[in-house]
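Presented below, as structure tokens, is a lone chain in the form predicted on its own.
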Amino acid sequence: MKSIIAFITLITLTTTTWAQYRNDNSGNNGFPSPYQEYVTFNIAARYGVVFPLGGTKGYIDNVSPTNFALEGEWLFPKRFAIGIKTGYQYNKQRLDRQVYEYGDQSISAVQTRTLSVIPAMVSLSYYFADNAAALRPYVQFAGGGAYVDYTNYFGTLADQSNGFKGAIAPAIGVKYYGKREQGLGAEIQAQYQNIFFNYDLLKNSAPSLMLSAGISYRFY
């Protein structure tokens, strides 16, 4: 429920800031901006919290505070952008000591469930404001894959599965630069990510919702 409320809040914020852009940030100074004439560039780094969903929540139901995202984009004059994105996501949950059947033996151990993800995706974005604007709401779809490491510790013993799996990640967000054509700005994003990974306690797939904030820098 908290993740849904946070997602709705971000949509509301994006809508509000877009309305503000329409009122306060239309037009330019009469001279063509390089951002509107040529292919330009944007890089971003964000810190985020991840809310597990679906099969992921069946394995680890803790909110993860250990996540960051890196992204680079080629910005085209028609408000479209093509990019690449990666990062690191990690979550862990420790259970009380219990007796477990492990292979052909019974062991008494503290179970520690961990999940690490390193995404590697290509993104396509559409911005609702030109490339030089101070405020740039956007929608994005990313696809590719992710390296997943599932390790479930039973004391010093470990049940592990890892590999590179297919993944998709639609997102919405907004970038704010303070004024037109300024390079350094801030960004917030809400991203739904689904990794097609299925092993033992993590059933069917590994979906999650990541809310992130950080810095964005555009240049030409």
Partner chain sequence: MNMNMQQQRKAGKWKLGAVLLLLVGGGLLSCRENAINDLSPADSPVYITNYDRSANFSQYKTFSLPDSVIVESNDSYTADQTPLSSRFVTNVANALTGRGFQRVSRGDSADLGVAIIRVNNQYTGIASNPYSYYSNYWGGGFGGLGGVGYSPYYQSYYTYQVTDQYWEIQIVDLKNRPATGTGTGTGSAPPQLTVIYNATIRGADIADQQSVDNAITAIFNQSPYLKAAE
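Given the structure is predicted, the values throughout are model-derived calculations rather than measurements. Positions refer to the first chain, counted from 1.
Quick note: we don't show the form predicted in complex with the partner chain, though the next part is all about it.
When the partner chain is placed as it is in the predicted bound form, are S33, A120 and P207 each within 4.5 Å of it, taking any non-hydrogen atom of the residue? No, the whole trio is out of contact, none within 4.5 Å by any heavy atom.
Interface membership of F141, the partner chain in the predicted bound form, 4.5 Å heavy atom rule: No - in the predicted bound form, heavy atoms of F141 and the partner chain never come within 4.5 Å of each other.
How about D130: is it within 4.5 Å of the partner chain in the predicted bound form, going by heavy atoms? Flag for D130 set to no.
Is it the case that F154, even though its partner is missing from this view, gets within 4.5 Å of the partner chain in the predicted bound form, heavy atoms only? Output for F154 is yes: heavy atoms within 4.5 Å of the partner chain.
In the predicted bound form, does Y126 have a heavy atom within 4.5 Å of the partner chain? Residue-level check for Y126: no, no contact with the partner chain.
Any idea which of 36 to 44, 180 to 188, 164 to 172, 49 to 57 reaches within 4.5 Å of the partner chain in the predicted bound form, heavy atoms considered? Among the candidates, contact is made by 36 to 44.
Taking only heavy atoms into account, state which residues of 67 to 94 are within 4.5 Å of the partner chain in the predicted bound form, ordered by sequence. F68, L70, G72, T86, Y88, Y90, K92, R94, in sequence order.
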